[in-house]
Every structure is written in structure tokens, then in C-alpha cells.
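Okay, here we've got a single chain as C-alpha cells, the form predicted alone, with questions on binding and movement later.
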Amino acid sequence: MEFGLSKEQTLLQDSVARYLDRHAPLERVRRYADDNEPRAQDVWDGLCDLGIPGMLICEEHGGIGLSVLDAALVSEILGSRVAPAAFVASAVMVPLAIAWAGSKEQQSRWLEPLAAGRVLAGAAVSEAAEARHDDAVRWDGSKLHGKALFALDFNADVYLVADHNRALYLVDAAAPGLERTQLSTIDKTRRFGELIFNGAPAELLPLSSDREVCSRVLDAGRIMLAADTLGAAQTMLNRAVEYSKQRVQFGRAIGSFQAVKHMCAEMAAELEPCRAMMWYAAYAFESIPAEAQLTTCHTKAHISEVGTFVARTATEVHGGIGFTDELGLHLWFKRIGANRQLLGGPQSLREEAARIQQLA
């Protein structure tokens, strides 16, 4: 039995990595972060050429029909390059929600343009992960009212919205009664926002009255965020190791000092098992449904904490220069920090896991 990636999966990661190295280097990411561009359209167009938006959409609707594990592998590469591109919502959460809970007409209308990248979708489902009691989104039978914070892939053409009962809706970005405000967060490599619904018209996804659909969509997003954190943390570790070989102190490379060796070794020892953990969570999502939700909760919680440890330690290996803008380490550091809290932080995820196991 093979427990590693297939040749095709390795080639998929290599293709996305090569594209981003050429067309979205650190200088491009900095420009996106500093200029507050709504979208990095050039980066998005290249990802569309690679078929990334349609990864999880079936061939019938113009997609490729790959697995959640394949999508997680792409998310890992996007995190490793802090790519300024929509993915978690537009390429994963929204297509899956429409495929699982949408009507035939909704699937025909939305999936093909999503697969082609002509339509970009956001997801405002954070309240379903960590519910608020004030201003929760509510459905009056034809329109939505309330507020949704931290919408993912914010500068979108359509949004997937969860109400207080975890039913799912599609809302056009230009719908009357919808107010959109971009939020300023620590992570400048992606865009997040607040949606306020003042009687905004919405389309109910008919089969989403089953709360399990929303839970599954949340879990798919959590796996992608965990993979993104894994990629970002691996890059920070790699950069710390390279710096330790080049930085000379007292006539010796600092990588020869035992304390620095221990710091790098501990980062590697903590991070490497996370890769198999992420692979298994993505595999279980489709192949072992009975374990999927519990595995996803533990995976995102654990990788979030390991990612935070690696981000902090890698910065320390760089010494004082690690805290400056010169190296760009802060872009990975802050992306890891944002991923930690999106769609549920470690504490809330472990509480959810305890409830699944009837321990709380």
C-alpha cells in the first residue's frame, strides 16, 4: 500500500510552485499587500490557466473533478508562497456547497463560470463556526438580515452565506440591501470583509436545510487553511535553515551553534508529522466520513499551534533582522496567525471535537 503522494499529485504541486515562483514572487506579494489591490488579477488568471478554480468541480460542469486531498496540496503551495489569490472559498467551499446542496438550475448556472474562473466566490460562514448571538444572519423567507464577519475571498462576485440555522444561501455581490466593508487584518496577502444584510435578496441552496452540509463545507475550508499554514510554516523553516548557514557570528556560521541547531531541529520535528496529518484529514474527508469531522478539528487545531511555534522560532533564528520588513518573514508569520483563527481557533475546535466524542 502506498502512503505517499502519487506522481500526478507531486507534479500538480510542482506545476503550481513553478508558476508562483515565476509570476508571484515576493515582490509581487509585497505590491499586493502594500497597494491594497482588490484582486491580483494577473496571478488569478495564471491559476485559471492551470485549472485551479475548477479542481473540485466535476467534468460535466467544466471542472477537473479532483479530490479534496489534491486541493489541499495546492493550498499548501499557495501558503508556502503567500500567494495573493482567492482559493479557500472560491475554489473549494462554494463549489462543494453548490454541488452538494444546490438545485440542478443553480449548479448549471454557477459551477461552469466558477470552474473557468470568470466568477469569483466568497464565503461568509464564520458565524457557523463560532456563533455570535448578536446580529446573526437571519432569513425572513425571501431576504437576509443581519451581519457576517470575516468573509473569505472578500472581493468576490457572489457570496455563500450561512444563517443562524446553518442553512446556506447565495447572494450576488451587487444585490440591493447588501453592504460590503473590507476589514483591515494582520494578513495583507488576502482580503477579508464584513457583509451587512438589510433585506438583501438571496437564493437558498435547497438541500442545505440539513445542517450537515454546512458542517462539511466548514470542514473543507478548515482543511485548506491547515494546509496553507503547513506550507507557510515549511517556508519559514527553510528560510531559517538557509539563513543559519549564511549568517556569520564570531567567525562561524550561526548554524554551527548548538542552540541554533536545536531550534531548527525542533521546528522540523514538530512540523514534519503535520504533513501526514493533513494528508489523512483530506483523505478521510471523502473516504472515511465517520472520522472526517473529528479528524479535521484535531488537524486544524494542531497545525495551527505548530505553525505558530515555527513562525516564532524561525523569526528568532533570524535575530533582529527577522522582525524587519527587509526579509518579508512577517508575511508568512501573519498569514499563519490569521489561519489560526479563521473558521475556528484551536480551543473552539477542540471543544467541538469533545462534543463529537460526547466528552463535553
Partner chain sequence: MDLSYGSQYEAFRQQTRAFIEAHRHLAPQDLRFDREKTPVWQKLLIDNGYAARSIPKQYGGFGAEPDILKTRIIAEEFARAQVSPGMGGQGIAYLVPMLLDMGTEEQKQRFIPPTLRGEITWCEGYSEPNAGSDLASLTTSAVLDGNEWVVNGQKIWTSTAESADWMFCLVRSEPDAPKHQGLSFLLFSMRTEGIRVRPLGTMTGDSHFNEVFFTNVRLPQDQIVGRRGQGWEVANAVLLHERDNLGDPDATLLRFNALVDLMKRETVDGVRVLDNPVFRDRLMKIQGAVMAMRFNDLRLLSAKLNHKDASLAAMIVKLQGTELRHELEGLAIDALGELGILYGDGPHLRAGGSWQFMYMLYLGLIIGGGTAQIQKNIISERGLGMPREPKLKT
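All values derive from a computational prediction rather than experimental measurement. Numbering follows the first chain given and starts at 1.
What comes next is about the form predicted together with its partner chain, which is not displayed.
A.B. asks: Can you say which of 113-121, 207-215, 222-230, 252-260 gets within 4.5 Å of its partner chain in the predicted bound form, counting heavy atoms only?
C.D. replies: Answer to the contact question: 252-260.
A.B. asks: Taking the shortest heavy atom distance, is Gly199 within 4.5 Å of its partner chain in the predicted bound form?
C.D. replies: Result no; Gly199 lies far from its partner chain in the predicted bound form.
A.B. asks: Given that its partner chain is not shown alongside this chain, does Lys245 nevertheless sit within 4.5 Å of it in the predicted bound form, heavy atom to heavy atom?
C.D. replies: Yes, Lys245 is a contact residue.
A.B. asks: Quick check on Tyr283: any heavy atom within 4.5 Å of its partner chain in the predicted bound form?
C.D. replies: Close contact exists here: in the predicted bound form, Tyr283 approaches its partner chain to within 4.5 Å, heavy atoms only.
A.B. asks: State yes or no: in the predicted bound form, is some non-hydrogen atom of Pro273 no more than 4.5 angstroms from a non-hydrogen atom of its partner chain?
C.D. replies: Yes - in the predicted bound form, heavy atoms of Pro273 and its partner chain come within 4.5 Å of each other.
A.B. asks: Exactly one residue in Asp140, Glu266, Glu179, Glu105 has a non-hydrogen atom within 4.5 Å of its partner chain in the predicted bound form; which is it?
C.D. replies: Of Asp140, Glu266, Glu179, Glu105, the residue with a heavy atom within 4.5 Å of its partner chain in the predicted bound form is Glu266.
A.B. asks: Considering non-hydrogen atoms and a 4.5 Å limit, which listed residue (Ala174, Leu183, Ile186, Ile288) is close to its partner chain in the predicted bound form?
C.D. replies: None of the other options qualify; the answer is Ile288.
A.B. asks: Decide if the three candidate residues Glu8, Leu11 and Cys58 all line its partner chain in the predicted bound form, where lining means a heavy atom within 4.5 Å.
C.D. replies: No, because Glu8, Leu11 and Cys58 lack any heavy atom that approaches its partner chain to within 4.5 Å in the predicted bound form.
A.B. asks: Using a 4.5 Å cut-off on heavy atoms, which residues of 327-360 contact its partner chain in the predicted bound form?
C.D. replies: In sequence order, Gln347, Arg350, Glu351, Ala353, Ala354, Gln357, Leu359, Ala360 come within 4.5 Å of the partner.
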